[in-house]
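The chain below stands alone and is given in structure tokens; this is the form predicted alone.
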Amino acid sequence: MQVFPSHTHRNSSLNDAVSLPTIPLYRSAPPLEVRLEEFESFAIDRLRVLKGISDGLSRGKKPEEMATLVKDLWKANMRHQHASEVLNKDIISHFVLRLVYCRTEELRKWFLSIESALFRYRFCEQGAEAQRVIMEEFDLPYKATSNVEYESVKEKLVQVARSLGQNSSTVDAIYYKVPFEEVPELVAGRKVFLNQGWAYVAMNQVVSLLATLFRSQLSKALILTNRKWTSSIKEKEKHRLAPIVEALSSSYLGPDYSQPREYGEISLKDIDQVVKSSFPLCMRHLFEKLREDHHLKHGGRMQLGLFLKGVGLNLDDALAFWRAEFSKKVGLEKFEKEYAYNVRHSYGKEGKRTDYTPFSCQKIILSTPGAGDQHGCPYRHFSEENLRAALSRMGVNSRATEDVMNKVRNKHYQLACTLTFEAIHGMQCDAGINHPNQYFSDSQKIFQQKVDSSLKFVFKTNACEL
């Protein structure tokens, strides 16, 4: 797979080059020339699918809900204006993300898990003939059990089917006899009959076997890709592809919150109230520490300052806000000399005049606060005791706190924040929290809806009295 600048036209098609099943197995890089803009945009589209799957699994969605979610995510993100290019996009995007996620053990583990889940759901969506073609691609060394062997274990197979709530009359007569260690998921769920180290896998369960094989092949491929990346590709492409590859794993894929949208500006007189009602824990903690210590280190100032910019605090009010706090600690003269420039710079009024964007959850989670720093993600960087205390101050009840802590222990930090949002607002957040400014915006929407409902109730009551 070769990558060319955006003005170069791709002159080959994978569909013309090779014949593939409906779900590619990604065993070798495609013989394609890929434009640089597609290299990144295709990867981002697939990443939206993978992150959506990850969020759904983390939230404990049921299998049928996940199947619908995956189907909708794929349809929304992996389409192409030219139908003949859909398969190309599928394969290109996988190989780009393979390059992105091969670089560390943590990244490989996540990519391996979610890509395997994606394969499983896509396979189950296929018709019987398409599934057969995919199975042939794996070149399975197992044969279906003979009629004689099937009859000898049929009673046991019926018992397994009944234990799974299936009608014994619908037991599939086609079974594969495979080593039990190759279908650990089915064994763990007691979904197969085991006999002398062999598992009898029904045709409608074969996806577990294929998913295990797919995962094994991808795992080996990621290791090889990492070796190639570190030995040659990274250095060779350090000025072109490397910056894209290194940024994609921590990319924020949602709206840009560099400027407030729905609610315009907030003023200094509003800020203390909206902190209590609509600030996520990370920003609320920074705000409270600023009020308490009248100072924040650079990381904290950037994280809170850009958030405040995104929720609508204009430059003049921002300068007044930081001046009022810092002057109590360092004095007015030192603030104007050492800190005011940074405030103006973050608003694009100094230096390169860049319109800086508020930090996303992913960027905050991946930050590494040092001694004395207050920035970062509380769900990742707080001790359990401090996090429990902070949640209690926000009004999160004990039951919801336990749910949050369970997500934290499993390193689902954004989902922990989502559960906090839901506990405080009494409403479900289906999209999940991916950005502090999204938290603020969604909170303000709910608050405004409650105000509007109250007003309607008052007007209706007064009208009835008249």
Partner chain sequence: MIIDGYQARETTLPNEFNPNYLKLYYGKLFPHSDLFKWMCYGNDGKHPGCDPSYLSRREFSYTLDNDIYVRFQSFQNAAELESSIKDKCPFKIDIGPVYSVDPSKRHAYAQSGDNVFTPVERELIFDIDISDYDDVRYCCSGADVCLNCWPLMTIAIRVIDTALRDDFGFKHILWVFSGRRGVHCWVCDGKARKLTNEQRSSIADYFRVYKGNENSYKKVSLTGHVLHPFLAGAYSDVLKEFFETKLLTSQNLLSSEERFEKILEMIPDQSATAELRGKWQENRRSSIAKDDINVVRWEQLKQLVHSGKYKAQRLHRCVEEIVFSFTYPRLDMEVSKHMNHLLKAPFCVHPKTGRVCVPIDPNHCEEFDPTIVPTLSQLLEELNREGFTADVDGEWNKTSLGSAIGLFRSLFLQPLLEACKKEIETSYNAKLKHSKDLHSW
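The term rigid core refers to the most C-alpha atoms you can superpose between the two forms while keeping them within 1.5 Å. Numbering follows the first chain given and starts at 1. Bear in mind that the values here come from a model prediction, so they are computed numbers and not experimental data.
The same protein also has a form predicted in complex with the partner chain, omitted here; what follows describes it.
What I'd like checked is whether R301, F326 and L332 together line the partner chain in the predicted complex, meaning each has a non-hydrogen atom within 4.5 Å of it.
Checked in the predicted complex: no contact with the partner chain for any of the three.
Could you tell me which of 274 to 282, 88 to 96, 102 to 110, 138 to 146 sits within 4.5 Å of the partner chain in the predicted complex, going by non-hydrogen atoms?
Going by heavy atoms within 4.5 Å, the stretch is 102 to 110.
Residue-level question: is L315 within 4.5 Å of the partner chain in the predicted complex, judged on heavy atoms?
No, L315 is distant from the partner.
State yes or no: in the predicted complex, is some non-hydrogen atom of A76 no more than 4.5 angstroms from a non-hydrogen atom of the partner chain?
No - in the predicted complex, heavy atoms of A76 and the partner chain never come within 4.5 Å of each other.
Contact flag, E422 vs the partner chain in the predicted complex, heavy atom cut 4.5 Å
Residue-level check for E422: no, no contact with the partner chain.
Can you tell me whether G372 touches the partner chain? I mean in the predicted complex, with a 4.5 angstroms heavy atom cut-off.
No, G372 stays farther than 4.5 Å from the partner chain in the predicted complex.
Just to be sure I understand the contacts: of L194, A247, L224, A130, which is the one whose heavy atoms reach within 4.5 angstroms of the partner chain in the predicted complex?
Of the listed residues, the single hit is L194.
Only one of K236, K156, K228, K71 comes within 4.5 Å of the partner chain in the predicted complex by heavy atoms, so just point that one out.
None of the other options qualify; the answer is K156.
Would you mind checking 395 to 420 for residues with a heavy atom within 4.5 Å of the partner chain in the predicted complex?
Those in contact are D403, N406, R409.
V183: after superposing the rigid core, is there a C-alpha shift of 2 Å or more between this form and the one not shown?
It does shift by 2 Å or more.
Note yes or no: does the Cα of E336 move by 2 Å or more between this form and the one not shown after the core is superposed?
After core superposition, the C-alpha of E336 moves less than 2 Å between this form and the one not shown.
With both forms fit on the core, has K154 moved 2 Å or more by CA between this form and the one not shown?
True for K154: a C-alpha shift of 2 Å or more.
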